[in-house]
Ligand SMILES: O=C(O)CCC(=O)C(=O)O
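Shown here is one chain on its own, the form predicted on its own, set out as structure tokens.
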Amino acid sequence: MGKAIPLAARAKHLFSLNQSEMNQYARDGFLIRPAVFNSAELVTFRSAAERAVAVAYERCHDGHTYILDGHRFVDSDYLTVQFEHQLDSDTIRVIEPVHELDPVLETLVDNPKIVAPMCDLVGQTDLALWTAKLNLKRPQEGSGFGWHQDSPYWLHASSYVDLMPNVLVAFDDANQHNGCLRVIRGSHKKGCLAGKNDGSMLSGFFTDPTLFNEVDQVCLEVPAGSLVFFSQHAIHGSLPNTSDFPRRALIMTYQPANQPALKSGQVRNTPLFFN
């Protein structure tokens, strides 16, 4: 009988990116693996997302509320909850970090279908989580988000910004009607770009529109269960959800192992799959 192949080696063989995928990511700044998770898994993920929303609401009761550019935020310790843009709205649109609010989401951070490709993109065999946020685009209400890069948000907090790719786990079908992710193809090659300067409090976090061309945008319409890997330097955004269907997604960012997370300052390493 032949020698058994260790689980870690099998995971790496099954889920790592092939050369064609690596080339596409290097060229475009994003990569899609469609329908990675099945319908039963998606039911579990969606239930976990809604439980996390309920926990976040409870945490908001004792949190610190503040307004930036007319948008309401609540901080509870290192948890940040963003509400929909109307000041009287009680609908949550973003929770960060979210993985600690439900064990299913916590486990998803370590899923080899996600971790193995991210190891390839980071160029490391061992990773830590940088941040995990839940984006909630509720039907007929979920707001859009302007063109931006992630890297300018993080420059002040990490010296590893060039090693922090993102992965979006689509909990629902995503299309142009419910506000799917849009990416400016190839924009990651320009590195970290300057922000707008329109006098608003958050203007610096939105990319100067003279530095890219919207003609190069790609609407990433994907079925539920898909993984969308995209560069931290890729200019991206989304339109509002004008449909009758939700568009929920978990976005996680990884970094080299043993580095602290963005908001908690704690180290959250993934299992050492490949040693």
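The structure presented is a predicted model; accordingly, all values stated were derived computationally and were not measured. Counting begins at 1, following the sequence as shown.
FYI, the form predicted in complex with the named molecule isn't displayed, but the following is about it.
- Put simply, H148 is close to the named molecule in the predicted bound form: some heavy atom of it is within 4.5 Å.
- When contacts are judged by a 4.5 Å heavy atom cut-off, K137 counts as touching the named molecule in the predicted bound form.
- Not displayed here, the named molecule is approached by L181 to within 4.5 Å at the level of heavy atoms in the predicted bound form.
- In the predicted bound form, the named molecule lies farther than 4.5 Å from every heavy atom of L262.
- Taking K196, K133, R72, H188 one by one, only a single residue has any non-hydrogen atom within 4.5 Å of the named molecule in the predicted bound form, and it is K133.
- Looking at 32 to 40, 214 to 222, 61 to 69, 230 to 238, the stretch with residues near the named molecule in the predicted bound form, meaning non-hydrogen atoms within 4.5 angstroms, turns out to be 230 to 238.
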